[in-house]
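Presented below, as structure tokens, is a lone chain in the form predicted alone.
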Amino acid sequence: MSLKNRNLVTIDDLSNGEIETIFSLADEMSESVKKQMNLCEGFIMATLFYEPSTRTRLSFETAMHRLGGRVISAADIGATSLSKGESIADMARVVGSYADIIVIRHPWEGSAKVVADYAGIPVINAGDGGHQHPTQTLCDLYTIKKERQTIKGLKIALWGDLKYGRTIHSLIFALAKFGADILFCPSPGLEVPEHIIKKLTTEYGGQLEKFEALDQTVKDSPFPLDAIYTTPSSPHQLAMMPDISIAVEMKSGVDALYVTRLQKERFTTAKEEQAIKKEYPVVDKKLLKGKLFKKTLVMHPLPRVDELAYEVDADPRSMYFKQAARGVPIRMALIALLLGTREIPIPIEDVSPTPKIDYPVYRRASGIRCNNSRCVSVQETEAKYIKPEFKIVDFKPLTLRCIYCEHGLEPQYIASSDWHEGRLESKKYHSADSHWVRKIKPGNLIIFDTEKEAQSRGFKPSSYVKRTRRKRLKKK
């Protein structure tokens, strides 16, 4: 197994064994940086950063220079043809002919996947909107592993903006893959999005207990605990004895506290930002004096604003500058493996902790599209060539997951492309919660956002739709 010519768009693109391989090579490279100078000689990396960046961009460029390669870059959408209306796909094709590997940061969620689909060379996602930031997650996991020797069985608290923090979204899935327990500590109104929670609980095998089930002593503490995810390798006692088991679990303390800033660039209005900012929790010496944090690693992807006090910098538990420094050897290892200039054996797990589910895929040019306004697939320049594509992740209720931004949606109406029995009078659409959703083969399924859309395609409402409509009118 090799990473050569692969893409890294989400953290799910790497198995646990592949992540461990990257860590192993990063260890080797950090001990002999100067010996790596000829490893990528003659190779060119294109860094396309269409959102602000300091650490990620500089660490990638430093990594490539340390490997003996060269860098070409674009750092402002306004100075590129994207500002003229060029599609990301066309840009990817062109840059793919200039370079050997691309590192892309873009505000649209799913944009890195589009670049990976069209570039023809390895592509690394350096952050696509509020979706994911997988290389930051590699730095985070690497830091935990270096400081604690393991990740499995640790209790990791995620603090702050869990709604828009892309580093959080990648880290949640990675921690679950490696068997950690996750404590969710959001600022009010910035809880983890439901589509991420659904993926976590259905695909990673653990158990999530929400705030209502948590022990009162935890609720009343300065620790803003909202929910706990317990790994499949832990005893699932929370549902049976939440008050007792939570108290016992918390007595051993928190192994790492991962702090994030308020992602103000994701807010639509200044008023919304100010309202949430007032209640944003701060990590300082006073908080860290608590028993829960006696041996806690304090982590932060940086940059910080007001959520992490400067007085914590001198505390031996603070890890955030180490995280940033470790970004160079991690990215050196990743670049060398994707370019194939280094190949080392990748361990194969005896039992995969997160077996991939073979979901049916829904692809149709019309009828439905992603409801996430930040998704690359709904942008005017991209919708010309991107066809809506979803994984059907559930039938009760019918739930789709966009393949670009991974947001979920529950459509209201369905039909069949074979009209059920091939008769024109059977060309009907049904409510998505009817029995038809399980009878129509996924390959024949047609999904609509609205009744108007279904009717414009020549479908008529079934008796079930009419009955449901009458019931709604009666309730009014």
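For clarity, every value in this text was computed on a predicted model and none was experimentally measured. Residue indices: 1-based, along the sequence shown.
Missing here is the form predicted in complex with a small molecule; even so, the following discussion is about that form.
Contact annotation for A227: none of its heavy atoms lies within 4.5 Å of the small molecule in the predicted complex.
Among residues of the shown chain, K113 is not one whose heavy atoms approach the small molecule to within 4.5 Å in the predicted complex.
For the chain shown alone, L302 is a contact residue for the small molecule in the predicted complex, at least one non-hydrogen atom being within 4.5 angstroms. For the chain shown alone, T47 is not a contact residue for the small molecule in the predicted complex, no non-hydrogen atom being within 4.5 angstroms.
Note on the partner interface in the predicted complex: the residue among K177, R369, R261, H195 having a heavy atom within 4.5 angstroms of the small molecule is R261. The single contact residue among R326, R166, K155, R374, judged by any heavy atom lying within 4.5 Å of the small molecule in the predicted complex, is R166.
The candidate spot formed by K396, H430 and S434 lies out of contact with the small molecule in the predicted complex, as no residue has a heavy atom within 4.5 Å of it. Comment: 129-137 is the region of 374-382, 169-177, 129-137, 94-102 lying near the small molecule in the predicted complex, near meaning a non-hydrogen atom within 4.5 Å.
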